[in-house]
Structures are given as C-alpha cells and as structure tokens.
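Here we start with a single chain on its own, the form predicted on its own, put down as structure tokens.
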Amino acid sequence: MLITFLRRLGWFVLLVLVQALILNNISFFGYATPVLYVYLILAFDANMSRYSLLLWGFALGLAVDIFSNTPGVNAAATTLLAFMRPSLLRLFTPRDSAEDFSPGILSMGTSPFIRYLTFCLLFHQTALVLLLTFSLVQPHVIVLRIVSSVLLTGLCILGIEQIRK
C-alpha cells in the first residue's frame, strides 16, 4: 500500500515537473502543446475509487496550474477527466476483463488502449481549451488546437507505454 502510494507520488512529481519545466514551453506552430501529466490519471488501476481519482486529479491539475500560472483551468479539466475516467474505461474494456488491471497496451491490447486514450484526451483537451479560450469566436482554431494537442499528447503517451513495456 505504501509502496504503491510512493510510486504514484513519484510519477506525480515527475510528470508535474516535466510539464511545468519542459512541455509548457513547447508549442508547435502556436497550436499544439503536449499535456503529458494526464497520463497519471489514465494509468491508475481500474478498481481505484472515484473519490481517490478525483482527489488525485484535482491535486495534479492544481500543481500544474501553480507552475503554469493558469488559475484553476488545469485543475478543472483534470478533475473532470478523473470523474469521467471510470465510465470511459468501462466503455473500452471487455466485459470479461479482470477488475484489478492497470490500463495500458499490455493489459488492454493496442486497439482498445488507443481508443481509450483518444477519447480521454479528446475529453480533457476539449475542456481545457474551452476553459482557456472561454470563447467560441474562432471555432476552426479551437478544433485545430484540440486535435493537434490530442495527437501530440497521444504520441508521447504511446512512447511512454512502449518504454514501460
């Protein structure tokens, strides 16, 4: 129990530091910014309680907000993702799968994991970009930001999954 918590805390600190120090300074053509910190929420065990997910999601988003000077935007989007994650995970896992698995390419298979990852990232990025822009004046720019960030973040997370495999 303690080792699991310390491992999660280590991932938390690592992802927040990578996001704040490196990834927030990357912006491809002014549209795509990788948002790697959501990997922590996506990789938690499937049987983790929703309250724990909400707490971890809020703390993760708040830590990124503190370092990024974005007041509450990442916390809101990440908490919303943490709230929806059990439903999205149930949608993309087979009914006969074990309850105590950790979502990943090895446990879910490549195609279901990519679909799960894409929907979670689309959900998170849509909430994040809409909260950041707080306007629907240029919908084509908003859609371009969402799609490009989802693709870039998805490629980064798939790279981490390949390394962990």
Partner chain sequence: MRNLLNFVLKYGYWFLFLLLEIASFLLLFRFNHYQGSVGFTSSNRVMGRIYAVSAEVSSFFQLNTANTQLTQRNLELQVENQLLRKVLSQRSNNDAFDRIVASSTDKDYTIIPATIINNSLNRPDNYITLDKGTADGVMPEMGVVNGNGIVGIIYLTSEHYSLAISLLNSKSCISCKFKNNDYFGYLKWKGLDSRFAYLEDVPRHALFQKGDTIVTSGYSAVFPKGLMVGRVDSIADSKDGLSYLLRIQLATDFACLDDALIISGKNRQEQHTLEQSANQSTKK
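Residue numbers count along the first chain shown, from 1. Everything numeric here is computed off the predicted structure, so don't read it as measured data.
The form predicted together with its partner chain exists for this protein as well; it is not shown, and the discussion that follows is about that form.
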Note: its partner chain not shown here; in the model of the complex, the stretch from 129-137, 100-108, 114-122, 40-48 having heavy atoms within 4.5 Å of it is 129-137
Output flag, 24, 31 and 71 jointly within 4.5 Å of its partner chain in the model of the complex, heavy atom basis: yes
Is residue 75 part of the interface with its partner chain in the model of the complex - any heavy atom within 4.5 Å? yes
Residue 36 within 4.5 Å of its partner chain in the model of the complex, heavy atoms: no
Does its partner chain get within 4.5 angstroms of any non-hydrogen atom of residue 93 in the model of the complex? no
Contact with its partner chain in the model of the complex for residue 88, defined as at least one heavy atom pair within 4.5 Å: yes or no? no
Which residues within 46-61 place at least one heavy atom within 4.5 Å of its partner chain in the model of the complex? 50, 51, 54, 55, 58
